[in-house]
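Here you'll find one protein chain in two forms, each presented separately as structure tokens under the names structure 1 and structure 2.
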Structure 1
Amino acid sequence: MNLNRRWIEKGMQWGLFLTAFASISVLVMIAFFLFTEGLPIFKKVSLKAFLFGQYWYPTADPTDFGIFPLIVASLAVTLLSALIAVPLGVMTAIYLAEVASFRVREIVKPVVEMLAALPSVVIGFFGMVVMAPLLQNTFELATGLNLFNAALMLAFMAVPTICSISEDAIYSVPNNLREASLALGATHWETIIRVVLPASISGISTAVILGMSRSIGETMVVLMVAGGSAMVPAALFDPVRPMPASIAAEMAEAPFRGDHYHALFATGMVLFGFTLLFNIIADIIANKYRQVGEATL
């Protein structure tokens, strides 16, 4: 019996190892392919001109491969969507976990999780057909396809993820912590702010990471509602073109292994780098808050 259990444990260990190895191998192969196809563009243009160039005209004569407007657009859309999505998602999670009745929670949470499963093309279509005319008429704009519309749609996509995972993290805080706080004379809201949130901050940070990771790499929504203008935005309602939208819109038209083709892959390299950096910073913040929460408790 012990021998069989030992073999089963070894088999499970090797199965988990092979699964993890396969996942890492696929990631490494994708990164290798991305860099192999993107690096040749730097034989035509310097890294500084590529990252900080103000103009993106890959089909002009002479060509311009400056992706600075695309980088600014990606960062602006992601940060603005985070400013909208994070407070809404976390506050909704606090309400569902700590304030709402059991019946309300059982009804609202499945609806929120169902919203997370909406295809991005549906959200983009909603932004084009409903939000764009509404913004255009309300603010008397030349077009409703702009930075704010894109950020709003990305926030709409991120809120369900942030809310669902944050609610699970808050709801899983042991009740004895709440009861101890209340027994010491704290109010319900003081208990939420000073006990529950510090105890669940690691899970909330993970929820924010996942929500923003979905936003920063989203393609279809920004392709449909951002406006498609490869210029540095000067105002909230200016049309923009984030990096994923530019890659998706132009890859089919770029000559295979041509300069335009390599420039798009190099743009993907930059997007990959931003995503990796974002996740590293978010992981550091999550670990920091986990230690703060443990020290507080």
Structure 2
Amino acid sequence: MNLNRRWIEKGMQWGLFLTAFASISVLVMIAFFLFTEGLPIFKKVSLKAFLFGQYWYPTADPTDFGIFPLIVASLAVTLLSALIAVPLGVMTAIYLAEVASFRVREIVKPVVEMLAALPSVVIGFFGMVVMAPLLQNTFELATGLNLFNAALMLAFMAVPTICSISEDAIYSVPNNLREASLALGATHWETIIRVVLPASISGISTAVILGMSRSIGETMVVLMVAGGSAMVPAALFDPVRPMPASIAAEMAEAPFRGDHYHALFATGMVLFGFTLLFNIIADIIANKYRQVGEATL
């Protein structure tokens, strides 16, 4: 009886451990399968030609597998969307954590969370049917589906991430720091800008990076509203083709285990590499500058 029970205990502990381990090995498996399916393309083109090649003509004859325009497009929409989303997200976070009354907070926080839950395909659809004609008519463009539109829609998706993580960081700044500053005659605003924000800067940085990571990996929005032209953009309203859009649009037509297929997986590797990098940086910042009590400030 006792022995039996002990075996059950041990068995359960191992079972749980293996499950937890399986959960993270998924990450390794993702990397593994991307590499298995992606690496064969480098028999055809060199890594340098792949990453820095100017032309992406996967179905032309002869084919060109240069994803440089796709990388530039991804970075461009991500940075531009960050320019919109970061101020908006951080300011909303400050408002929620510092200025808003309890009641307002209780309403606005769920709103932000709902915004995060909006399906990306619907946001993309909105960009197509509302934003695109609006941009086209206002600026007399050839097409409303372009870099700027995509960045704007992506910003909608990044704001909730940036806002909620920043808000956590700001909210967790100990109250006695605020009180100390206020007691010295600083206004609430000066307290925020001189004490609260410096104390929560690592959390806010993490939020910004994770928001950008979400933008660069987002697929449906850029697939539907970025315009789809695989060229290095020269202007704000140029149509572009970021990496996720390329993968999503072309995979269905790429012949199974042909060069195009492998090239798309290789593009997935690059994308995966970017998000991994963003996430690791965010993790390092979050851990290195983690506030351990008030004394470490």
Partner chain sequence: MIRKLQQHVFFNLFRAAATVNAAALILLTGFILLKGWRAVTWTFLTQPPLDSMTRGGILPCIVGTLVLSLGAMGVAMPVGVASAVYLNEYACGGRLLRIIRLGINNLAGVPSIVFGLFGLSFFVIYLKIGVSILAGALTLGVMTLPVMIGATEEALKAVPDTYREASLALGATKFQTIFRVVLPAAMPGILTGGILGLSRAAGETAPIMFTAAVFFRPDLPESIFDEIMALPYHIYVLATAGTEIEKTRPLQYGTSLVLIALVLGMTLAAILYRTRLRRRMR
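Along the sequence of structure 1, residues get numbers from 1 upward. Please read all numbers here as calculations on a predicted model, not as lab measurements. Rigid core here is just the name for the largest C-alpha set that superposes within 1.5 Å across the two forms.
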Do you think the form predicted alone is shown as structure 1, or as structure 2? 1
Please report, in Å, how much the Cα atom of residue 9 moves between structures 1 and 2 when the rigid core is superposed. 11.8
Could the core-superposed CA displacement of residue 23 between structures 1 and 2 be given in angstrom, to one decimal? 3.6
